[in-house]
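We begin with a single chain expressed as C-alpha cells, specifically the form predicted on its own.
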C-alpha cells in the first residue's frame, strides 16, 4: 500500500478506531477520553496536511478496492482540489469543537460516548468529502446524520431534545433520500458507481438532466438549511450541546455546498446548469434576507446566531448560482470563512451562557465592563460577519457581490448587496444589547479555560484569514477545472 493510500485511510481510520476504542474501553480510560479525542483530531488534521504536497505535485491517485464487482460497486477514496477546502474546514472545526468541549461536560459516566460520537460525526463529514463513489458517499452522508442525531438525543439541553432530534432526522433524511433517488437514476444508466462513470452516464440521458439536477439541488439545499428547508436548523442548533452546535453550524452545513459542487456542478456543463442559475440566485437572496430578519427578531442568543447561518448559506448559494469565476471561488471561500467566524460567534455565545446562565437577549446586559476579553472577541466576530474589510468574510463577500453584477440579473445583485445591511443590523443588536447597554448582569460565573482558549484562538484565526487571503485563494481556484466542464 502506497503512502498516499495510507494517508487517505489514516484521516478516516484514526477517528473511527479512536471512537471504537472510546466506546468499548472508555469507562476504563475515564477523564482521559477527551484527550484521546482531541489528540486523534489533531493527528487526522496532520495526516491531511501531509497530503497537500501530493496535491500540489499532481500525483494524486485514488485508493480503490473491489466491493461488489458484479454490481459495479468499487469503494474509492480520494482527496482532490474540490474536496480540499471542505475537508480542511471540517478538520479544523473538529479540533476547535474538541478544545471547547474539554471542560464542557461534567465528568459523567457517559462522557466517553460523547467524544466517541463526536469523532464518528467528524469521520462522517471527512468520509463524505473523500468518497469517490456513490456507495461510500451515501454511507458517510448518513453516518454523520446518525452520529449527530444521537448526540442531540442524549446530550440535548432540554426535555424537548427527543422531539427536536426526530424533526432534525426526518427532515434532513428526506433531503438525503432525494439525493439517493438521483444517484439511483444515474447508476441504473451506467451500471457502476464511480463518480467519473456517473458523469459520463448522465450525458446519455439529457432528457432527465432537469429532474436529476433538481433532486440534487433540493436534497443538498436541505442540508444547507436554505429557505424553506431550514425549519430543522434553529431548534437543532439551539438544543444541541455547544460543541455539537459548533460542528453543525461551522462544518456540517458546508457539506450541502460540497454536494452541489461535487454533483450537479461537476457532472453538468455550463450550458446544462444554466437552467438552474436564476432559481439558485433567487433562493440565495430569499435565504439571506429571511435568515437575517429572523435573527433580528429572535430573543434567544443561540437562535440568533443559528438564523445567521440560514442567511449566510444564502450568500453561498447566490454565488454558486451566478456560475461565474468570482461567484464560485467566493462561495467556496465563504464556506471556510463562515466556518471560522460562526465557530467564533457560537463560542462567544457559549461563554455568555456559561457566565450568566441566561440566553434571553433582553436579560443580558453590561458584559462589556465585566468581561473585556469576551467583549473583544464578540465584537471581532460581529465585525467579521458584517463584512468589515480586513476580516475573514469581507474577501468572500466581495467576490460574491461582484459575481451578481456579472449576470443579467442586476436587480437580484442589488438585493443581495442591500440584504447584507440586515446582517449589520442584527449583529449590532446582539452585541449592543449584551455588552454596551446600561446596567450589569447581577452575577458572572467562572468560565472554563478551554472555552476561552477556543474563543481567543478563533479570534486570531479570523484576523489572520482576513489579512492573508492569498494562500486559501490559490488553493481554492484549483477546483475550477473540475466543475462546469472546466471552461474558465
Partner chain sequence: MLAFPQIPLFFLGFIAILVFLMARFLRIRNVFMALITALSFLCVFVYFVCEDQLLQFLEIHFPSFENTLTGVIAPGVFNSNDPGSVLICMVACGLAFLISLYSAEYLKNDGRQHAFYPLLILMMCGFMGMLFTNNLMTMYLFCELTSICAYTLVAFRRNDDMAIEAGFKYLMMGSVASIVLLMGITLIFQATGTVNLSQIANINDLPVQIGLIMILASFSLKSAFVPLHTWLPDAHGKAPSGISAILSGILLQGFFYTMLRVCLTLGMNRLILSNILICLALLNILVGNLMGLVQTQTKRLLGYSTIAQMGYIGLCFAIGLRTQSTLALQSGFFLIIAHAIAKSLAFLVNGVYYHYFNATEIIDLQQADRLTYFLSLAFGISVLSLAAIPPFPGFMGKWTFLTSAFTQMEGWSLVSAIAILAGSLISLGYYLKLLHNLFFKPATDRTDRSSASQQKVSIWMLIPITVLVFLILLITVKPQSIMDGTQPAAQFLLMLMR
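Because the structure is a prediction, the values reported are computed rather than measured. Positions refer to the first chain, counted from 1.
Below, we refer to the form predicted in complex with its partner chain, which is not included among the displayed structures.
Mapping the unseen interface onto this chain, residue 208 counts among the residues with a heavy atom inside 4.5 Å of its partner chain in the model of the complex. Within 4.5 Å of any heavy atom of its partner chain in the model of the complex lies no heavy atom of residue 199. When contacts are judged by a 4.5 Å heavy atom cut-off, residue 110 counts as touching its partner chain in the model of the complex. The closest non-hydrogen atom of residue 188 lies within 4.5 Å of its partner chain in the model of the complex. If you check its partner chain in the model of the complex, you find a heavy atom from every one of 71, 134 and 174 within 4.5 Å. Out of the listed residues 398, 195, 169, 405, 169 is the one that sits within 4.5 Å of its partner chain in the model of the complex by at least one heavy atom.
Here is the short version: of 436, 67, 51, 63, the single residue with a heavy atom within 4.5 Å of its partner chain in the model of the complex is 67. For its partner chain in the model of the complex, the listed stretch (297 to 305, 79 to 87, 358 to 366, 177 to 185) containing residues with heavy atoms inside 4.5 Å is 177 to 185. Of the residues in 135 to 165, those that come within 4.5 Å of its partner chain in the model of the complex through at least one heavy atom are, in sequence order, 135, 138, 139, 142, 146, 150, 153, 154, 155.
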